[in-house]
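Given next, in structure tokens, is a single chain: the form predicted on its own.
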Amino acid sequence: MLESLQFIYAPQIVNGLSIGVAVVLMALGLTIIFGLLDVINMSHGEFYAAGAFISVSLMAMGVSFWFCLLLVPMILVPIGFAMERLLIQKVFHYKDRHILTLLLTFGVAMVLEDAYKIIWGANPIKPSAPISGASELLGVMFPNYRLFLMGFGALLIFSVWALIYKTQLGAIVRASAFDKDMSSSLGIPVMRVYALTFALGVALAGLAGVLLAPIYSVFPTMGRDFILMAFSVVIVGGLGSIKGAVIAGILLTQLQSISSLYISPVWSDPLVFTVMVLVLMFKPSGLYGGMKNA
């Protein structure tokens, strides 16, 4: 029993956690954008892919992986800011803006995916991990990069939570989400706050792409594959809830990882979506309330 826990379950749990923190990082951007703007960003997965592609190109030019962790989000922030100001705000005041923004961001996703095929080609690219080797933990060898991913991802998640709930900037963001008109009357540039928040979500997606590029191959449709998991996390955790996204992300990735010991990996995604359907049936608001209610 102890050997099974040590050599079979522990590696699966570590693998699940390392992927889980990256999924949470991506889902955080998605849930922050929805929590503030009520916008379901269908292009979020393509910005995750953009982070991976940009980091691969920068590393090919000699830029270190560690500098990419800082540089790629900085590149994506003005792109996300411009997209919100030039596209989303154009339809933001319409009554049926939920449908319009969903279709608009879906169109952007299709354009970006084809652009990646033209620029980088359709063949997968596999960058090497910046940290090699493995470390022994409780008698089991774990890849050093996955251990780094867990620690760094957890630090980033805590930083985002602290930014939203423990700083004056976060209070301005939450006030703008709770009552747009009242915030405007107090002199808060609400539309600029919306654009910056959207840009923050895009930067988080790109950062997740940089972190996961050494684990998965980088290819044009990688965003489409990953966005389904991110949406499942956001729905199970509760739309707009940071705490819910963290807990749901860890639970669902652990479910995927552990279940692969007993069933074929092709059934892991249907299992996750079954959980999502059950949550929608019995607790449509998800595990926790949204950012506006925090």
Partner chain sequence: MKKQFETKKIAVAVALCLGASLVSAQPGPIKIGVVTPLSGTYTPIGEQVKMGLDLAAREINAAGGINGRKINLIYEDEEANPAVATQKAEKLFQVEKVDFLTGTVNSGSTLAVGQVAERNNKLIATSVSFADSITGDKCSPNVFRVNARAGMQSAALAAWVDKEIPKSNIFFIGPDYEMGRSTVSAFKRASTEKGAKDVGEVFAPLDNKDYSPYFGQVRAAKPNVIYTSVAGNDTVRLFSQMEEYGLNKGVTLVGASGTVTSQNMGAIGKSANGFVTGVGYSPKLDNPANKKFVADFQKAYNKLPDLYGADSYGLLYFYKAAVEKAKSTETDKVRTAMDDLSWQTPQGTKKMRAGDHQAMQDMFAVRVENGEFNIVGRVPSDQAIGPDVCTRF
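These numbers come from a predicted model, not from an experiment. Positions refer to the first chain, counted from 1.
What comes next is about the form predicted together with the partner chain, which is not displayed.
Although the partner is absent here, Gln168 is not a contact residue: none of its heavy atoms lies within 4.5 angstroms of the partner chain in the predicted complex. Looking at Gly62, you'd find every heavy atom of it more than 4.5 angstroms from the partner chain in the predicted complex.
Put simply, Pro124 is close to the partner chain in the predicted complex: some heavy atom of it is within 4.5 Å. Residue contact check for Thr221: one or more of its heavy atoms lie within 4.5 Å of the partner chain in the predicted complex.
Interface residue among Ala115, Met182, Ile215, Ala154 relative to the partner chain in the predicted complex, by the heavy atom within 4.5 Å criterion: Ile215.
Note that among 28-36, 49-57, 235-243, 265-273, the stretch whose heavy atoms approach the partner chain to within 4.5 Å in the predicted complex is 265-273. Of all the residues from 164-182, none has a non-hydrogen atom no more than 4.5 Å from the partner chain in the predicted complex.
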